[in-house]
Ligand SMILES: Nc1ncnc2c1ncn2[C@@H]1O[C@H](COP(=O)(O)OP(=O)(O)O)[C@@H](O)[C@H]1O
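Taking the form predicted alone, here's one chain by itself in structure tokens.
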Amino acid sequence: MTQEKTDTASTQSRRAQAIGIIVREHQGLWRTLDLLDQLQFDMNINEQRPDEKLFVTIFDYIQHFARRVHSQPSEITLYRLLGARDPELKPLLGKLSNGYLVGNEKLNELRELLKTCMENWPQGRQEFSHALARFTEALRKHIKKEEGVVIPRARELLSDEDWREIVEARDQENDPLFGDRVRDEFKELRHRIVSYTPERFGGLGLQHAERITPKGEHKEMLSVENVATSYGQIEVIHDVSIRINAGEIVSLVGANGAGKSTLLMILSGLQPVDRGKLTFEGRDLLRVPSEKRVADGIVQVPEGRQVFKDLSVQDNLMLGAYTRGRSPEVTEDLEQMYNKFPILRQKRHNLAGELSGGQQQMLAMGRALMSRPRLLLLDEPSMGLAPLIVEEIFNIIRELKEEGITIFLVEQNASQALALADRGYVLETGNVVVEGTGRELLSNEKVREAYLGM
């Protein structure tokens, strides 16, 4: 075979590899959309209460796809190269790129509508169903544009060097669609969808726990009223008022030095209050010492993990249950932590200081959960972690809420924190300057400009 024929075959191979990956992922999305149609029919015609866990897993899959394909601020390599070859396509490619971002926002809205639908069934069904129909229709149009215009034009116009750049972008931030690691993530999410899908729809029908609604959900759990505190002569928190209802995720976002961690220390009893009121489940929290607050269910996962590095992983976990003694329930909870965080089981005899940052964060969360918290305070859980681990941490936080734990999340990653939150507050130099639902804050122009980079 001549060199020219060899090069041509190589180009065709790279082109086929890249397009094949896109088409296979599209096939996964088509099957998922068909399943959503079946579930919607079941909900509307058969009046079947939605399977919240299945819907959430499907939304996770689609949202994961959107975020992986369009990782800001980078571009999609295929779109960039094709736009350079055919400038007339740039408006369409720009619209498709923006579609990933808009779709992400619509998925967050669907999560909120699903939650309302589940809590008020059958009220809320119509609004959720209409939003779901609009979303699936838009996603189908998006995929058809890629398959009907983008892929044929790319096959026709892109050069050998273009296809080489696309294929060699594996596992890189600029275009992670083609990475083996990322495709493994899609595979795992698809497996969960298949497992949770009822047998009558072609799935495995795996039984799974429904969302646990804690007693008193929607009732106020924690109230902070006009609280102020100082470091020496300098007041750093100024008459801050917030509330957290049972069963919520409430996010607190703000820049470094805004006072976020200080507020958590106040709630944990580690920072004195100059003035104001703290009420937890109707009781005056200012009269409760810090060590008693843990026993009462207020537990903090501190910034920077702060695991006991010279103790084993298992000893760290057991320390989380020190207020509970050595009951059989503690042993059962330890096993649950190992099921929730499999890496901790594998590393249980290792010293905590030998773990990576992400593993230490999971250990810190597991240690806190061993105390059976009712209010979990999370201080910058994503700090210093790789994007893949950050996604896993936020998935775990979402699961904890489904298990009935109320969460106060302090986080610099404002977009992730607010997308997850029922409600949120923005703290600037010790003052609450904006508050609202997570969705409202995500769309607030001031918040978008200052904290979301938009």
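Just count from 1 along the sequence shown to find any residue number. Please read all numbers here as calculations on a predicted model, not as lab measurements.
Heads up, the form predicted together with this ligand isn't pictured, but that's what we're talking about next.
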Discussion item. Only one of these stretches, 101-109, 293-301, 260-268, 137-145, has heavy atoms within 4.5 Å of this ligand in the model of the complex; which one is it?
Written reply: 260-268
Discussion item. Can you pick out, from 231, 308, 322, 121, the residue that has a heavy atom within 4.5 Å of this ligand in the model of the complex?
Written reply: 231
Discussion item. So this ligand isn't shown here. In the model of the complex, which residue out of 255, 149, 157, 343 has a non-hydrogen atom within 4.5 Å of it?
Written reply: 255
Fill in: is_contact(residue 236, this ligand) in the model of the complex, heavy atom dist at most 4.5 Å
yes
